[in-house]
Structure formats: structure tokens, C-alpha cells
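So this first bit is one chain, no partners, the form predicted alone, shown in C-alpha cells.
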Amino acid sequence: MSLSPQLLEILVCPKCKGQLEYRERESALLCQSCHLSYPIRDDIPVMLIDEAKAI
């Protein structure tokens, strides 16, 4: 199951408030500005900076 388009429209990077890129295959949301990857677990984006991984 993928994230709804309405949810993807309103989600932003919690660190820089920039746009996120949805990567369904990786189950992640990527911020190109901060070089961070936010995981998606059980179809729920984990939007915590401490949980993000550097890319």
C-alpha cells in the first residue's frame, strides 16, 4: 500500500521545511536539501529528525 497523494502534498522535511521525494520501493521520504531519508513504517511516515538516516 502506498501513501495517499493528499498526505504527500502536505508533508515537508521537519528540519528545513523543504519538499520531500517519495520512494515507494525504499519505503522512505527523501529530503535532497538536508540529505536525509525519513522511514515509512506500516504505511506511516516517521517524521522525526532523530529517526532519519543520512543519504
Partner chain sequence: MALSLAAVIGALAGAAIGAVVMARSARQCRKPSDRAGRAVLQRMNVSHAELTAWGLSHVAIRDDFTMLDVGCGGGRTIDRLASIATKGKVFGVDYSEDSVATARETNARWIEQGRVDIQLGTVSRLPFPDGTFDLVTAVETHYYWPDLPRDVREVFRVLQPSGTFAIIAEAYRGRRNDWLFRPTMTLILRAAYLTPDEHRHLLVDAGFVDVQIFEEKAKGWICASGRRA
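Positions refer to the first chain, counted from 1. The structure presented is a predicted model; accordingly, all values stated were derived computationally and were not measured.
Although not depicted, the form predicted together with the partner chain is the subject of the following passage.
Chemist: Should residue 43 be counted as a contact of the partner chain in the predicted bound form, where contact means heavy atoms within 4.5 Å?
Modeler: Contact check for residue 43: yes, within 4.5 Å of the partner chain in the predicted bound form.
Chemist: Do residue 48 and the partner chain come within 4.5 Å of each other in the predicted bound form, heavy atoms counted?
Modeler: Yes, contact at 4.5 Å.
Chemist: Hey, in the predicted bound form, is residue 7 touching the partner chain, heavy atoms inside 4.5 Å?
Modeler: Because a heavy atom of residue 7 falls inside 4.5 Å of the partner chain in the predicted bound form, the answer is yes.
Chemist: Given that the partner is absent here, does residue 17 sit within 4.5 Å of the partner chain in the predicted bound form, heavy atoms only?
Modeler: Heavy-atom contact with the partner chain at 4.5 Å: present for residue 17.
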